[in-house]
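We begin with a single chain expressed as C-alpha cells, specifically the form predicted alone.
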Amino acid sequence: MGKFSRDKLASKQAVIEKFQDGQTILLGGFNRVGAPGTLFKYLHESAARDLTLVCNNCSNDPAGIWYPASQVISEGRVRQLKISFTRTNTELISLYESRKLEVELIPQGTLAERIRAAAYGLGGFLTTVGYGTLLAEGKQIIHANGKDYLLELPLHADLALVKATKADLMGNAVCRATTKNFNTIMAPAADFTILEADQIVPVGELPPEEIDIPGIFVDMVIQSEEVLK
C-alpha cells in the first residue's frame, strides 16, 4: 500500500532495485493500450528471476511495447505465467511443452475479478466460467441457488507495474479512455505499486473527480520514456 508522500518520483535505479527473485508481478495494459513499456524495460534490465508474471497478454513482437517483458520469459527468468491471451507470443507453447515455463490460462473476466478480489480484500468469488472444462481442475466447486460454481481465489502480488496518462507527484493518476483496463484494479492489488505516467504534474493540479488511481495505492512514480501516439 502506498505510503503518504508528496513526492514519490523515483529514479530508474531505485525502480530496478525493487525487482527481486521469486516475486509475483502484475503487468498492466491490454495489448499496447495502457502498457507500462518503460517499466517493462527496467524489469528486463534487472537481474530478477524465478518470477511469476500476471498479465492479459505478453507479445514477443520485437517492435512491440511488451517485448522487454517477453524477453524476461524467453531468457528463462519466469517460473510461471498467469495469462489470458497467448497468441501474440509465439514462444509460449514451446516453452510450456518443454516444461521450461508453467502457464496458467485464465479467462479474461476471471483474471480481472481475481485481481479485483485481492484489491478489495475479498476471499474469492463464484463463477460458472470454466465449469465442466479443464480450467476447473483442482478448483473447489460450490453449489448455491441450484447451480454449481467454481470458487476463484484472489490474485495478489508483490509488485504491480501500471500505466497512467497523467499523474501527480503523490501518485494520483488519470488513465485516459481504455487505458484504464487492468491498471486501475492492479494498482491496489499488490504490496508495492510502481506507476509510469506520460505526464507528471504538481500535486493539486488533477481534479479529484477525474482520478482513476488514488495515490494511496502508489509507492513510486516514474516518467515514461516515450509517449505512444
Partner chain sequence: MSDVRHFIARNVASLLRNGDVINLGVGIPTLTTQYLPDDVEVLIQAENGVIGCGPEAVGEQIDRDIIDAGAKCITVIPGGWFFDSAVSFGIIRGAHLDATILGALQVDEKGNLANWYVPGKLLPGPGGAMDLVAGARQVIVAMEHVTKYGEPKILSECTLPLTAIGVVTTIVTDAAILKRAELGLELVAIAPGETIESVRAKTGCPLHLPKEGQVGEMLQ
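Positions refer to the first chain, counted from 1. Everything numeric here is computed off the predicted structure, so don't read it as measured data.
The next section is about a form of this same protein that is not shown, the form predicted together with its partner chain.
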property: Contact stretch among 199 to 207, 179 to 187, 41 to 49, 66 to 74 - heavy atom within 4.5 Å of its partner chain in the predicted complex; result: 179 to 187
property: Contact of residue 169 with its partner chain in the predicted complex (heavy atom, 4.5 Å); result: no
property: 4.5 Å heavy atom contact, residue 112 to its partner chain in the predicted complex; result: yes
property: Close approach of residue 31 to its partner chain in the predicted complex, 4.5 Å, heavy atom; result: yes
property: Exercise: residue 159 in contact with its partner chain in the predicted complex, heavy atom 4.5 Å; result: no
property: Heavy atom distance at most 4.5 Å to its partner chain in the predicted complex, all of 93, 127 and 133; result: yes
property: Neighbours of its partner chain in the predicted complex among 7 to 21 [non-hydrogen atom within 4.5 angstroms]; result: none
